[in-house]
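Below, in structure tokens: the form predicted alone, a single chain.
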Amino acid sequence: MEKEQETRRMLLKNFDAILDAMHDDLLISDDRGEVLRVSPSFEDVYGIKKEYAIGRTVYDLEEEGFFKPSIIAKVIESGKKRTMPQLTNRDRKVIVTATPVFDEQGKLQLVVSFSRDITELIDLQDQYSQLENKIEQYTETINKLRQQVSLEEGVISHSRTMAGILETIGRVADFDANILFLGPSGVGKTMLAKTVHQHSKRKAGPFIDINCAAIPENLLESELFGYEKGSFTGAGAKGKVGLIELANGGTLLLDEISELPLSLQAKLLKTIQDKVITRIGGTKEIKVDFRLITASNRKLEEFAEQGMFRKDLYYRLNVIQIQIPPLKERKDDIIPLVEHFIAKSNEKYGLHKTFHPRALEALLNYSWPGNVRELSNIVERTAMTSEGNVIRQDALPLEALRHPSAAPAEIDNLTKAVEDFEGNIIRDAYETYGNSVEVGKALGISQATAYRKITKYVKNE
């Protein structure tokens, strides 16, 4: 008993030291809310000097704006322990717990409140939340950039028009909405359809390409929908799976869709709507799941208005329409395509061909009625038939010289394009031969000219 009393005396004697050692801020009030004691750290958080606070009530301090709300006032009112957040006049955020102390008769004597400054913690949480948001934004941006880079790696282009088309493809590839590519023959509709497939959720599935104009009308239905054995004269003994059925789980491209006979358009519409087919000679409906892409070099809307194409089918196909302009309207794509096709020909035939700037100028000014397909054919043909490693203007097929474009490229674009290509030629030659004398011999120019161009394109970079 004596030891216990001695312990109490020691605790009372060292009460202030105990308060000083506490990490939490302490405030003790009586049953009327008058402040009896505060810890030394109280001033740091609440901005109240110890001498000012003691003797005043928590109601006064709340009214003077030192903290809000007063948790002690709420404990006096309820007689129960409370924990709540509090904001101080220094814009500090604290969490406060106040506990009532009763005498032996159950009458409230004191209220003891502990508060801890959590401003830094909340700030850290806010910073973490902002960081998470930024990471999410960066991740989304990186994914878009990766997708865009992946798209651009598969499609050779430099024009703003094609950049916009690739951006649209990047946005819609993952959705199963029907896509209609419109544009003249040879602009790359099939290639872009494959690009959609390769960047969609169905990329692991088949890509089935059907040219509706290339299959005779009397065979088209059996090719598309398949047939059961013995269903018509000449039918195979085992029947045949149709191309639409083969596209199950993947992508179906119907190229030159405008050439699909009206008699088959109704059947195709039912397939699109119901995702089922019925083979010729069969009665069983077969479920199919495919992403539909169509393409046409015709103005399909006009065909529909003229009754040459079903309007209801046109509306089904025309969910997302992508117009691909002819090559003559996107001159910026010509030289990148030439570089791509000559590189393919060099690899295919073991050649080392490059184009002379004058030859490039002729290609830029040609009208390209056959678009990218014609450009590819001319580059490959010229690579095989021209003499020497530098393809000059007179080595180009006559049609590329006789039919210049009515709208030649702007001089700024042309000059830049020719310089870029000439630079590639000089750099490649210098890397191969190592000096201006050999470069001049290889390219058919003087050593002095070769030296100037090497200085311009290689040594000044």
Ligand SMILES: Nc1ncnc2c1ncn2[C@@H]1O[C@H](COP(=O)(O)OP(=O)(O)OP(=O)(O)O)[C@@H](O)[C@H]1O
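Sequential numbering from 1, following the sequence displayed. In this text the structure is predicted, and so the values were computed from the model without any measurement.
What comes next is about the form predicted in complex with the ligand, which does not appear here.
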**Q.** Stretch from 168-176, 371-379, 270-278, 213-221 whose residues place a heavy atom within 4.5 Å of the ligand in the predicted complex
**A.** 371-379
Q: Using a 4.5 Å heavy atom cut-off, state whether residue 155 contacts the ligand in the predicted complex.
A: yes
(Q) Is residue 297 part of the interface with the ligand in the predicted complex - any heavy atom within 4.5 Å? (A) yes
(Q) I'd like to check something about residue 282: if you look in the predicted complex, is any of its heavy atoms closer than or equal to 4.5 Å to a heavy atom of the ligand? (A) no
**Q.** Exercise: residue 191 in contact with the ligand in the predicted complex, heavy atom 4.5 Å
**A.** yes
(Q) Just to confirm, with a 4.5 Å cut-off on non-hydrogen atoms, which of 340, 82, 316, 116 contacts the ligand in the predicted complex? (A) 340
Q) the ligand isn't shown here, but in the predicted complex which of 89, 185, 265, 346 has a heavy atom within 4.5 Å of it? A) 185
Q. Does anything in 33-52 come within 4.5 Å of the ligand in the predicted complex by heavy atoms, and if so which residues, in order?
A. none
